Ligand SMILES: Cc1cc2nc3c(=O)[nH]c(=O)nc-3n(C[C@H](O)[C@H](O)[C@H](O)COP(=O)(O)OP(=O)(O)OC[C@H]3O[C@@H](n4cnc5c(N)ncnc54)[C@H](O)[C@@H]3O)c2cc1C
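Only one chain comes next, encoded as C-alpha cells, the form predicted on its own.
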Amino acid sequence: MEPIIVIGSGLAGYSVIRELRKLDREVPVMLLSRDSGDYYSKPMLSNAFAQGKGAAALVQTSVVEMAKQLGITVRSHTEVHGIDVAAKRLTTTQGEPRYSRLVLAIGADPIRIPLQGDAADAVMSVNDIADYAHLREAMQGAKRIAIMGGGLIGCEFANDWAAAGFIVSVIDPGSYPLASLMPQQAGSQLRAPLAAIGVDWRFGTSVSRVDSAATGYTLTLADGSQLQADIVLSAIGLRPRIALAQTAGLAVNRGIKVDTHLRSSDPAIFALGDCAEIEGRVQPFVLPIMHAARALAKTLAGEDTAVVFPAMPVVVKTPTHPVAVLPVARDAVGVWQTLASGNGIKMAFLDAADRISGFVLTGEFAAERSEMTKRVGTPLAATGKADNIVAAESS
C-alpha cells in the first residue's frame, strides 16, 4: 500500500497527521518538508522578540521526535517539483515517491511589491523560522525598524518591537490599522496606544525606494517624504502557493480550490491551510486550520466528513491594546453598529435580519470574546444612533 503523503510541515500538515493518528495508527504516512521539519508555532514569530526568544527557543518538538511520536516517515529539506496525478507520483529532490492520497499543506508566500533603489533586495519578510533567525541576526545593533504594512502581522511586529525599545515606523496606503479586518472606528483605536509606546504611523502612502545610507537605509515614500531605518520588513500579506497544483492541472483560483471535504479537482488530492481555497474562501488562521485538519483526518480514515466552521474570532497579538475580531466577508451585506466605547470599542456587524454575524472588540472589551462568540447568529435590535452605524467596509 502506498502511503498518504503530506507536503508541508507547518500547523496544517502536522495537525492533519496528529488527527489521523487518533483514528488510525497503522496507515503509512510520509511527510515532505522543504525545511528541517521541526515543529514550531508560526504565530509566535511576530511576538517572540520582546520575550527574548531566539529561533531555536521557538522549536517545540524536533523532527526526529515528531516522526517517532506520529509513526511517520519524514523527508526533510525536500523540494517537490511536480505531481503526476495519473501515476500518483511526485517528482522531488529526494526521489519520486508514490502516494495513495496526497495532502497539500504548502502554505503561502509573502507578497512582495516592486521597489526601486539599490537596497530593494534588502527588504526582509518573516514567513518561517529560518526567516526569523535571519531577522534576529540582522537586529543586532539595530535601533530603527520600518514595517511596510499595517495589517495583522505588521501591527503585531510593531507592538513587539516598540515594546522592546526600538523606534518603529509603519507605512501603509490605507487610513488606519487592520483595515482588512475591521471598520475604521475600531481600527483607529489602535493608533494612539501604539503611538504612545513609540510607533510612528505613516498612513496614506507607501514605500517607493529603498537605498543604502551611511548607516542602514533611506526609504523614500510615495508622498515624497523620507525616513531612515536599520531594518525594513515587508508585512503586506500572504499569497497562497498554487504553482505546484496549477502545474499538475488542479483547479486553482486565489488558492487551491477544494470542496467542503477539502478535496481538490482530483479525488485523491486534498488541500488545507494557507494554500487552500475552501468553497471560495481562504481560511488562513489557526482555528480554521484545526477544524479543517479534524475533518480531513476523518475523510482520510474512511469516514467522508465535510468541514463545518463555527464562529472563529481572531485574536491580534497587540498587548498594548488587545484586539479580537470575528471578520465578515468582503461582500457581506449589513451594518456595523457600535455597542459600547471607552478604553476601546465594542462593535457588532448586523445582517439584514438584525443578527450578529461578526464583531470587533478592542482594548477593555477584548476580554468579552467568548461572550460575543456565543451571541453570533442571534438578533440584536438596532438601537444605536445613526452616527454609530456604518456600512461594511474592507472586511
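We number the residues from 1 along the sequence you see. If you're wondering where the values come from, they're calculated on a predicted model, not measured in any experiment.
The following text describes the form predicted in complex with the named molecule, which does not appear among the structures shown.
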property	result
Answer range among 42-50, 327-335, 347-355, 364-372 for contact with the named molecule, defined in the model of the complex as heavy atoms within 4.5 Å	42-50
Check all three, 9, 80 and 152, heavy atom within 4.5 Å of the named molecule in the model of the complex	yes
Interface residue in the model of the complex among 317, 291, 101, 191, criterion: non-hydrogen atom within 4.5 angstroms of the named molecule	317
Selected contact from 170, 207, 296, 106, since only one has a non-hydrogen atom within 4.5 angstroms of the named molecule in the model of the complex	106
Distance check, residue 284 to the named molecule in the model of the complex, heavy atom within 4.5 Å	yes
Non-hydrogen atom contact residue 341 with the named molecule in the model of the complex at 4.5 angstroms	no
Contact test in the model of the complex: residue 156 vs the named molecule, heavy atoms, 4.5 Å	yes
The named molecule contact in the model of the complex: residue 177, any heavy atom under 4.5 Å	no
Heavy atom contacts to the named molecule in the model of the complex at 4.5 Å, residues of 116-137 in sequence order	126, 127
